[in-house]
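In structure tokens, the next block holds one chain alone, the form predicted alone.
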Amino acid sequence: MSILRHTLLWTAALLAGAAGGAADIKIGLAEALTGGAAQYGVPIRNGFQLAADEINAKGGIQGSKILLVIEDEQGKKEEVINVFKKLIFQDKVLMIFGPTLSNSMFAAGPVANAAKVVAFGTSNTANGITDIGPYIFRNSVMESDVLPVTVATAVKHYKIKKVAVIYGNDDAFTKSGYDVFKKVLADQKIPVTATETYVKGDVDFKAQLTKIKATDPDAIVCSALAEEAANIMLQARSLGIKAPFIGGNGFNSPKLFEISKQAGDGTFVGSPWSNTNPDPANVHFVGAYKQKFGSEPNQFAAQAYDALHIAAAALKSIKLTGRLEADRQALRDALPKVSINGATGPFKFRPAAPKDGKPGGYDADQKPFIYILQQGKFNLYTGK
């Protein structure tokens, strides 16, 4: 499939072809807008669109408007590399947001880092992402920050003594989630009765679930993307497995309910965002998103929305010179100093630890919210 390319100009004057485009700040957006990962990529694009609208309506950045150059990377590693090269060398964007999946960032992040262009992930939670180098940023909270809290909460709620595990072993995100789950379960001294795997594209999980059922776990820990997770839960219930699930960040998609309906009720999931957070910044975001797109936002839209506001704060702190290499470097140097209160709450960066003596990028420093799935909805867990 050819690359689906959109160029979005965020003022009526620009849309009408008015002069002044030379002063625009071009920011690349590489997201999966088609294919299986579009369930994440489309809300991400929407979050960026909303933020760009708001920033430009208030005068932009020092009088310049943000222009989003949006590319569909389709959730494919080979495609995202081409997209990154196009955005960096042909479109000459100041920075890139994306890609959608951790697998894709591991593939394309080195391209941006070598070119000394910021690649800013808003949905990449696998460990090791920011090890790529000092130009790699993310405001998506790592699984290693979220899962310990998620597991501890579920264990306390259900009085869990032993669990079984199932995960995708050929995807960077789901494999990283499993690695974190494994460490968390060991740290919290929770025995594992069985560990089963699958590969991307599998739709029949009954063989793995039958083995899991035979071990009679108190809960099933699952590192999977939403579509696979939903089918795993549906098939577990069809086999008579009543144990609740504990999920990773991949569960955080409406796709989970479209497929599983209420089969996932009782599942615990962690998230850096809560739609019911009463903070004015979040209330504004939720209302504005619903008004613009006619649907409820999700975690990925919220993180994208905040990400552009984080970049805008950095851009407002520097003076752009029009010299692309210098401006790219100035933005990279300004980003780590930004802290905002956004839709996801108070946000700041923390530096990744150097690896093999080489500097890393910057991770999110945020605390997660914990949800329990009830009646086909994410409900903020209150301890009851």
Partner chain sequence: MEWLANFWATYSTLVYSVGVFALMALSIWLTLACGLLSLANAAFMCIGAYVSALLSLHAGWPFGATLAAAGAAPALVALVIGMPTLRLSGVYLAMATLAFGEVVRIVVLNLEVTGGPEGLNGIPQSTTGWHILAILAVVVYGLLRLQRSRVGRAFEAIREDEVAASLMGINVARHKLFAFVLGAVIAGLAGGLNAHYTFFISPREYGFENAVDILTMVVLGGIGGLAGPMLGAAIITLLPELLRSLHEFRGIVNGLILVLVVLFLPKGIWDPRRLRALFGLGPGRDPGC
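Here the structure is a predicted model, which means the values were calculated and not measured. Residue numbers count along the first chain shown, from 1.
Heads up, the form predicted together with its partner chain isn't pictured, but that's what we're talking about next.
Does P110 reach its partner chain in the predicted bound form, with heavy atoms at most 4.5 Å apart?
Flag for P110 set to yes.
Does I190 make contact with its partner chain in the predicted bound form, using a 4.5 Å heavy atom cut-off?
It does not: once its partner chain is placed as it appears in the predicted bound form, I190 has no heavy atom within 4.5 Å of it.
Though only this chain appears here, would D216 touch its partner chain in the predicted bound form if you measure heavy atom gaps against 4.5 Å?
Output for D216 is no: heavy atoms all beyond 4.5 Å of its partner chain.
Given that its partner chain is not shown alongside this chain, does D179 nevertheless sit within 4.5 Å of it in the predicted bound form, heavy atom to heavy atom?
Although its partner chain is absent here, D179 would touch it in the predicted bound form, with heavy atoms inside 4.5 Å.
Is every one of E71, F89 and N169 within 4.5 Å of its partner chain in the predicted bound form, counting heavy atoms?
Checking in the predicted bound form: E71, F89 and N169 are all within 4.5 Å of its partner chain.
Based on heavy atom distances of 4.5 Å or less, which listed stretch (268-276, 304-312, 90-98, 245-253) is in contact with its partner chain in the predicted bound form?
Selected stretch: 90-98.
Would you mind picking the one in S140, N103, T130, T150 that has a heavy atom within 4.5 Å of its partner chain in the predicted bound form?
The residue from S140, N103, T130, T150 that makes the contact is N103.
The single option of V117, V83, A229, A154 touching its partner chain in the predicted bound form, heavy atom within 4.5 Å
None of the others qualify; the residue that does is V83.
Mind listing which residues of 38-54 have a heavy atom within 4.5 Å of its partner chain in the predicted bound form?
Residue within 4.5 Å: R45 only.
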